[in-house]
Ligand code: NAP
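First, one chain by itself in structure tokens, the form predicted alone.
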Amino acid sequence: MTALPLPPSHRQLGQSDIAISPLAWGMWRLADAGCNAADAARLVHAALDAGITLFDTADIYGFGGASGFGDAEAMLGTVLAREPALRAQMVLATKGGIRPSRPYDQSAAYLASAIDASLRRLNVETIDLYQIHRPDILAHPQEVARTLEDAMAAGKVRTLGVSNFTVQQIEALNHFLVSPLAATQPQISPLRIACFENGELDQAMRLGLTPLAWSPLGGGRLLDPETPREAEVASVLDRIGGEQGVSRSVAAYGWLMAHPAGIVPIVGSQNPDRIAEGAQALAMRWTREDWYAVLVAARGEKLP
């Protein structure tokens, strides 16, 4: 049976001139209790040693931690302050626009201040990819676009993205941007397949957006199934992974990466070995039969 193409060792971030790895490492749990700067540095090095260059964080990550807001960014900033040479090895992505308890705020004044605050916490002069974390329905996309363009013009941000936006919200914001969006970050996993059928990935391919998949293991449910459907998806991934000598989580990453939209799974583990393991997905060979077998299990019914 003919195999689908292997993912490239590097790909472009949208239509920008930024090259990224086909896997990313996410830091939403970097500021968990007990994690210190030395622990964070080990994780950063583990990701880089695995060939991961795209590092994804957000100002809201670590909310409820020691200082309440921005703890994950501050932790990474401490690592970069101690080892400045690491900055040149990574494509740094962060997100903003969530403001508890409003809950969202993308007004010009707040969004501009959020970008500046992220720069200070991260100890960097430029953010490679700045993403609006969740849409603020009360912010006009033209105002958001203007604020983001101003940040780019000032050299604070290199390129732009969104997270958790609908197809229509992406179209609206992109319409008002001079520099088009480079990335979209929806939730995608073998347990969360809406993007394959609701037009999000089709739009990404049409606009040249790189899809960054958050929670590619279904929030851990893929590793510890609780329902018959989840167990069936896990079983199919185990069969395919077993045939290729990889774990269930690696098979899940590989399944996403086989899609023609160029999905980049964000590995959320804070375990160095699990981070390194993710790179095995680049060598997986997928047939159409196996890929659709996972989709059918995820749908819980046969395809028409």
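A residue's number is simply how far along the shown sequence it sits, counting from 1. In this text, all values refer to a predicted model and were calculated from it rather than measured experimentally.
Beyond the structure shown, there is the form predicted in complex with this ligand, which is absent from this document and is the topic of what follows.
Taking a 4.5 Å heavy atom cutoff to this ligand in the predicted complex, the contact residue among Ala153, Met205, Ala231, Leu223 is Leu223. The listed set Ala251, Leu54, Met27, Ala47 contains one residue whose heavy atoms approach this ligand in the predicted complex to within 4.5 Å, identified as Met27. Residue contact check for Pro216: one or more of its heavy atoms lie within 4.5 Å of this ligand in the predicted complex. This ligand in the predicted complex comes within 4.5 Å of no heavy atom belonging to Thr94. In the predicted complex, Asn164 approaches this ligand with a heavy atom inside 4.5 Å. Interface membership of Gly62, defined by any non-hydrogen atom within 4.5 Å of this ligand in the predicted complex, is ruled out.
Between 70 to 78, 103 to 111, 169 to 177, 128 to 136, the stretch whose residues reach within 4.5 angstroms of this ligand in the predicted complex through a non-hydrogen atom is 128 to 136. Residues of 268 to 284 placing a heavy atom within 4.5 Å of this ligand in the predicted complex, in sequence order: Gly268, Ser269, Gln270, Asn271, Arg274.
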